[in-house]
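Okay, so we've got the same protein chain twice, two forms, each given alone as structure tokens, structure 1 and structure 2.
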Structure 1
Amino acid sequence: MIRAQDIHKAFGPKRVLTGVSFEVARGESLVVIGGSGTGKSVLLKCLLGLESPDRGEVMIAGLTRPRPHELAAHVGMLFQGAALFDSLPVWQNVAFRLMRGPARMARAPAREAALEKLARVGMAPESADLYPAELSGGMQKRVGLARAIAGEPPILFFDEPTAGLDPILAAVINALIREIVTEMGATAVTITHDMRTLRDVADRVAMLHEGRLYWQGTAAEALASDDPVLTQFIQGRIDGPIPTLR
């Protein structure tokens, strides 16, 4: 469903991605880890067509080098900060793609579909008419997840889905993501620093380091690995081959 082949991306003299290649099979959940500034967000933007690789090829759902509007019907996205529209009530946030995308769903069925997705992520019907500012951070994440799965796209992207949440809420969001990905049979890519997310969500793990995918394998292999770079990151150790500011 997703293939990146020899992706290179630089900004002036700064080389961010230097030959990233991987594939994600239909129904597979890939978690991409790596330190701050290693290029995870740039890779995500290249996959979504928000940045053009300097070299290499991206294929998503059979589309080569797709533009964002071409991906709209195939991809759902949960942003790091939920990225809800402050001026719209919750249900309109969830139904945004349904009412404004190519299908142009009418208001009444769009609201009904939004209520269904909100229920799926554990939100009460009364929340539908609230505004994002009236919600806690955890509830905003749930609304963002409901919006991502509206229209049941075959591919889901999650950008730091547990950022800013306490450990219990993070576990709840991870469990929802795992359940929804399994139920929908969706292909998922998650960008995260959170090792709990790796444990809860990943079928397979890829680590970005020095501009390339340094390591790839199953979640179980990642957690059991004795690779010095991978284990330093997973265990959060100061000493090791990954340089730190001390």
Structure 2
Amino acid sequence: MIRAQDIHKAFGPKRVLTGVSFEVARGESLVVIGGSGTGKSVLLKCLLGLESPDRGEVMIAGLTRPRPHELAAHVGMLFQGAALFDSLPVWQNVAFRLMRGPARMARAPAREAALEKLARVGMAPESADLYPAELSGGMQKRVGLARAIAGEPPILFFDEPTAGLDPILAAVINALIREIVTEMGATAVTITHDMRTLRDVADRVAMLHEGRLYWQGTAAEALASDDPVLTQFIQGRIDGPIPTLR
């Protein structure tokens, strides 16, 4: 479903990605880990066509070098900062694609569908008519998630889905992502610093380090590994090969 081949991306002199290659099979859940600033969000933006790689090829759902509008029918995305539409109430944020996309769903059923997705991310129906500015950070995150899954797209990208959530809600979201992959057969790429997400969500783990995918394996292998870079990251140790000043 997803193939990235030798992706390079620099911003001026700053070389962020220097040859990233991986594939994600249909129905597989890949979790990408890596230090802050290593280029995880940039990698997702390259996959989405929101950043164009300097070199390399992206193929998604059979589309080569997809443009964002071509991906709309295939991909749901949760941005790291939620990136909600400030001028729309919560339910219209969630229903945005249902109403404005090719489905052209009418207002009443779109609202119903939005309420159902909001319930799945643990949001009360009363939240539907609030505006993003009236929500806590964790609530905004969950609305972003509800929006990502609203059209039940076959491919899902989640950038830090549990960041800013309390431990119980984080567990709810991890279970939800796992369920979407297992029950709906979706293909998912999830970026996280949350080791519970890694355990609960990953079929496969890839670690981004120094511009490349440094390590790949199962979650169990990652947690049991004695690789010094991987274990420093997973255990959150100050001393090790990863510099702390970034």
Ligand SMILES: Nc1ncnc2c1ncn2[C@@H]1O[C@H](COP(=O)(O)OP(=O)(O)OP(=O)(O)O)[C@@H](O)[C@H]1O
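By rigid core we mean the largest C-alpha set that fits within 1.5 Å across both forms. When a residue number appears, read it as a position in the sequence of structure 1, where counting begins at 1. From a predicted model like this one, the values you see are computed outputs, not experimental measurements.
- Shown second, as structure 2, is the form predicted in complex with this ligand.
- Each of 218, 131, 74, 111 but one sits over 12 positions from any hinge; the one at the hinge between the rigid parts between structure 1 and structure 2 is 74.
- Between the two rigid parts, the smaller one rotates 13° against the larger between structure 1 and structure 2, as C-alpha superposition shows.
- In the core-superposed comparison between structure 1 and structure 2, the CA atom of residue 123 travels 5.0 Å.
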